[in-house]
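What follows is one chain in structure tokens, specifically the form predicted alone.
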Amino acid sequence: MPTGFTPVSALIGGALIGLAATWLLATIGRIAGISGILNRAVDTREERGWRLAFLIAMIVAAGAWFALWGASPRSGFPWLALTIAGVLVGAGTRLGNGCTSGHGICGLARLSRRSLWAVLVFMGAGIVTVYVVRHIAGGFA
């Protein structure tokens, strides 16, 4: 199953995520945990402006990436699989009290033990999921 992964795109993407997280912390003192930003943007009116701006900027940046590099996001996934995956990611994020960006980027950079365990669980679940989808279920391509 081919993917669009390249070391260059991964390096650029990682650098941009790190830059955005650093900018957010340096300018307004907030952690770039995307699930928390989304949750509080929907649930509360507190500081909704910067949260919505950050989320919109993420979507625009992804669109710009695809437009500038002529790439297209992967498609053709079954809607049921996407729905189940979305629910599982949301449940995992809620159980882990944060997502990969909050724990993996910001939490590990702050030497948080809780974030280290969360990342280990996220990575383990991801490895198991890829193995099951590709080698047992036969993939979704």
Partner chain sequence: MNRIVHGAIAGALFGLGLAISGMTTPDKVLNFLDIAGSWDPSLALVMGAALVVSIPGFAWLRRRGRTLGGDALPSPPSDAIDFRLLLGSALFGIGWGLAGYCPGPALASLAHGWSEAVVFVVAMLAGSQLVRIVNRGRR
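Positions refer to the first chain, counted from 1. Note that the coordinates shown come from a computational prediction; the quantities given were computed from them, not determined experimentally.
Omitted from view is the form predicted in complex with its partner chain, to which the following refers.
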property	result
Residue 46: touches its partner chain in the model of the complex, heavy atom cutoff 4.5 angstroms	no
Contact of residue 138 with its partner chain in the model of the complex (heavy atom, 4.5 Å)	no
Contacts with its partner chain in the model of the complex, stretch 61-76 (heavy atom within 4.5 Å)	61, 62, 63, 65, 66, 71, 72, 73, 74
